[in-house]
Each structure stands twice: as structure tokens, then as C-alpha cells.
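Just one chain is shown here, as C-alpha cells, and it is the form predicted on its own.
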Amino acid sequence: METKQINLKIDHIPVAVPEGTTVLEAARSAGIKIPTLCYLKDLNEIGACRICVVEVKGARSLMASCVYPVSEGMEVFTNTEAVRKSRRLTLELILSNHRMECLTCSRSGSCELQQLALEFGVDTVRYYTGRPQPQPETSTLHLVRDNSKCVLCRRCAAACRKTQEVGVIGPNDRGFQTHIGSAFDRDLNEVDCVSCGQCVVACPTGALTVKDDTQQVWAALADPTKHVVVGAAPSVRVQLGECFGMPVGTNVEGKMLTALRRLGFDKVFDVNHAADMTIMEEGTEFLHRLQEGGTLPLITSCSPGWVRYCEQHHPDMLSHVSTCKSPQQMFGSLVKSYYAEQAGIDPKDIFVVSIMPCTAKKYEVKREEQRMANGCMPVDVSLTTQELARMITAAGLMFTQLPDGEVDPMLGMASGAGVIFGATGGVMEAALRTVVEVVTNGEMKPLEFKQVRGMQGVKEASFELPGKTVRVCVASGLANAKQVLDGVKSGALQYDFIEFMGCPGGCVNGGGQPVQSAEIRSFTDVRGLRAAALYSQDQRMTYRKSHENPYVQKIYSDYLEKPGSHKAHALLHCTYAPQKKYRV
């Protein structure tokens, strides 16, 4: 059915848009930017901040354009004196109780409130009542929350409640006492926070920031007794360039490798390689369960945010979760075992740093069940993409001018299957490339499993194996994961293999990604552009299936015997257990 077109005028410009379009969206289609603060498309459309007000002919007051629908013959004015005066006054009132210490704020230069002040020419605040005192809440391993910088936009609460279904933060109290917090103002480590960081992604100011662990890495690099090894996750190479002004989705793998080497790391490996190892182990586990009558569906365990959510909210499903460690933890485990033996280095003298798009990885590296038989934790510090960018800047490296570098091959050479781990559906596709070929004993053509690609919240497909139809599902974002789990539990949904990613869109949209404003996130397919860059790299790879990676084959032949062996299980697998679920 064809959508009805609505004709209106915005600043005297004729505009035709589909019925149901908001004034904000209609204005953008006419090349007119209306400023916003609380608005995030499809997530937080509440008209609360009043920064986006416009005049509508015939209306008795200014209207919030982000929630006001267009109508036939409407006349809208976005830049009148009344509109400008209202927006400026609103901004001054927001700033009146904001801790304005921009020079020492990690969001300086990328703060949406700061940008609005520049756009509106606000260089003094008439209603400033004194500097609010810092209110840092640092109880978790992954973020710092400071309500003295909060503007009550509620974007964080919407991300936690709607996207992630966790809902551990929201507005408390009323009137001037309103503030964002957890139930009974508990610290975040006393509620069911899963460390996903989607609240950080949504925050327009410095009220929510990733906890900075770079000083630990600088100290290790300066310690002559430490052999410091680094590896970056698949999605980091298509995110990092954004921190240096490059277009969204630019693949900067070569420059990233050069930057890591110039920062002083002794070995520069790649977590893509560990992703290939994950496929070998997880694929073997799936085939064993499928052929031997094991617990199905098998659910992936790559996302620590998802795993923690399952432990807290769905402990009855833990028997379905793969015992494989995540690629990050497999990477560290191999560095402190296989690589340590090959290089003749005591594992206790090796300091492993991972670069991740994910804030939950900071929590994962501290999980006790990850500890290796030699007493070492696989990874010592997990940095986000944001933190790596700060290290590069602090070192004086002109990132955009760096030449392309190369990875150290022993734990760095990867297949295209490892590359696509960074996008939702990538783990599933990578696993299918190996599983289907192993079962059929033939080469897959075509190689791509495009049914599981894309940014939809839930995708499903089925594939024919000899004597068996394999039903698979891919879901990203914990609200979608809950929807699928509820269907599986009730029997309404039946699958053999499920990929869950804690963040919507997968790792390309992790909580530690580069900061992008609502202006970009609302009107640009950031996740899709980053994912497309990964699929493009996959197509150019020499090897596109994990089991074809010669360095993976060598590790098994020299060290682990075969996928799923006793030694592989001891090193690359773990068990998960129910966690305390806080009650309110």
C-alpha cells in the first residue's frame, strides 16, 4: 500500500514527506538542521529538552519538532526570533546547574551540550547558581557516572530499558531533585548492570564515560621486565579512524598496526586470529551436540554482556551456552601458553592488552573462571577503541599520516571468517562456513550466508545438511535476545544454533566505540557502514574460512592436537554459573 504524501512548507520551502513524519525529519529532508539534545531516533523521542522547538502557524505555543507530526498544508518556521530566544533560554537553564569544567572533561570537543553552546553563542550563563560538586560513581569496572554533568535527557535510561531490557537506571525523585540513578540510589555494582556500555554510547555529555585504564598500559610499556603483547578486535579497525576525523566505516587496519608498534608493544597480534580459533572450537562443539544428541540450541558465548545477562536473568539457559571462551580470552590464553613456550618467555612476565569496542570486556578480564592452569589471567588490561585513540594522540602520532604496518603472524594471521565477527551475524556465518564444509566434505559455493547479515534485531534462516535441516537465529541487543529466549522456552521458536550479541548491531556498535553525536547516530547508518567495511575486507582475504587458516592449523598440529581435544578444552573453554540477581 502506497504511503500518503503530506505537503507542507518549512521556512517557506515546499516539502513533501510520508504521512507520520515528524517536523524534525521533514526539515532535515529539506536541508534544514534543527538542533536537538534529548532526541535519539527510534530510541528517545520524548520532546523533553525543548531545544528543538519551532513555530507552527496557527499553534498557540512553540512545538517540539522531534515529536510533532506533519500535517497537510502546515507552515513551519525554524529560525524566528522567538525560536532562537527560546532555545537559548532553555540552554542557559540547562547550563545553570551543569558542572562546566570542559577543559578537564573527557568529552571536551565531542560534547553535544558544548556544541550547542557554541552554535547559540552562549559565552556566559545568566542563571548560574554556583559550581555543582563532582558526584563520581566508580563502583563498576567499565564506566564512571557523574550526575554533576547530567542534563536529564534520559537517553541513557532509554538505552538501558528499551534496547537492553535491563532497565537498571532511570529518573529518581521529582522536580529540582530529579536525577538519574538506580533503584534506591544503589551503586551500579549493586544492580543488574551487564556492563554493555550502551548508556555511554547514548550520553550526550561527560555524565557517563568509559573508565580509563591507559595508565596501566603505559606503566607496562615502561617496565623493562614486562613483555607487552597487544591484539585488536575485528571491529576496532573500522571504528578507530573516526576518532581522527575519518569517515564512518573507514578500515584503518594498516595504520592501526603501525600505531600499536610505535606505541612500543613488543608483539602486535590480532584477535581476528583468536576468532578463527573460536570457530574451530565452537563449530566442533555444535557438531558434537548436533550429532550426539547434546543440548540444543547451542548459543554463542562471544559477548560477555550477553553472558552476564544470561547468568543473571536466564540461568536455566546456561546449559545451552557454548563453553568456549570469547575471542579476547582465547587470545590471551594462547599468548600466555603457546606463544610463551615458542618464545621461551615465562607467562608471568607477559602483559597482554586487548583493544575492544566493548566495555563489558573490562569486566570479563577479571572473571575468575577465566584463570589459566598456570595461574595467569589471560588478559591483563582491556582497552576500548576510545582509549587506544587517546594513547595514540598522547604519543604524538599523526594517525592519518601513518603508513600501513603488518601484524606479527604467529597469532596474527586471520581468515575473512574471523574478520566478520565484528558485525551481528558474523559469528554465525563464520561458523556455518566451517561446519557446513566439514559435514558435507566439500567446498562451499557460494561462500556467503547472507541470510544472517544485516542490522535487523532478529534474523533467522535454515540450511540443509545431510539428513538434517539446521535452523539458526541471530539476535543483537538484549531486548531482542530476551524475545528469542522467551520463544525458545515456550516452544514457539525452535532453533539448533543461536548467535546473541549484547549490543545492537554487534561489536560495531559496542559501548567503547568512538563517540558519535545524536546528529550522526540518528541520520547515518553507523552500524551498517562499519559492518560493510568488515564484509569488504572479508572478500579480499586469501583465506575466508577459519579451518583454512594455516596458523590455526599449525597451533592444532603442534600444540592442541585437534579442535575439542582435552588440551583445547582446558585452555580455551570455561564454565558459566548463575550470578546473583539483585531484587528491589
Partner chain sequence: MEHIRSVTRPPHTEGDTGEIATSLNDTQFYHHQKRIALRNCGFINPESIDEYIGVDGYTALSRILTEQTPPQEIIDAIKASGLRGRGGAGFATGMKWQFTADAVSDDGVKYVCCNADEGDPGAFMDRSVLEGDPFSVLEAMTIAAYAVDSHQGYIYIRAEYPIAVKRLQIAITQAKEYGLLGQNILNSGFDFELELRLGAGAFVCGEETALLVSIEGKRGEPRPRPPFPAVKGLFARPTLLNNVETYANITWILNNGADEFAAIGTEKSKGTKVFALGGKIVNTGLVEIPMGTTLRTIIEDIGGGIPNGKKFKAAQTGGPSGGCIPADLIDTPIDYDSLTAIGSMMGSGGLIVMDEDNCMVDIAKFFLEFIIDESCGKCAPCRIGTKRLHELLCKITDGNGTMEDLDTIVELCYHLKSSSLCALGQSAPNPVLSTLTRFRSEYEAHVLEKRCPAGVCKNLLHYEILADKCKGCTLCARNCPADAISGTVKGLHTIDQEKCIKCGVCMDHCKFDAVVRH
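Just so we're clear, the structure is a prediction, and the values are computed from it rather than from any experiment. Residue numbers count along the first chain shown, from 1.
The form predicted together with its partner chain is left out here; the points below concern that form.
A heavy atom within 4.5 Å of its partner chain in the predicted complex is found for one listed residue only; from E292, E72, D173, E81, this is D173. For the candidate set L89, M246, A394, V122, a heavy atom within 4.5 Å of its partner chain in the predicted complex is found for exactly one residue, namely L89.
Comparing 250 to 258, 175 to 183, 398 to 406, 208 to 216 against its partner chain in the predicted complex, the single stretch with non-hydrogen atoms within 4.5 angstroms of it is 175 to 183. A residue is said to contact a partner when one of its heavy atoms sits within 4.5 Å of a partner heavy atom; K85 meets this definition for its partner chain in the predicted complex.
Not displayed here, its partner chain is kept clear of R540 by more than 4.5 Å at the level of heavy atoms in the predicted complex. Among residues of the shown chain, G528 is not one whose heavy atoms approach its partner chain to within 4.5 Å in the predicted complex.
Not displayed here, its partner chain is kept clear of S557 by more than 4.5 Å at the level of heavy atoms in the predicted complex. Not one of L287, S322 and A414 comes within 4.5 Å of its partner chain in the predicted complex, counting any heavy atom. Contacts with its partner chain in the predicted complex, taken as any heavy atom within 4.5 Å, map within 44 to 61 to I46, G47, A48, C49, R50, R60, S61.
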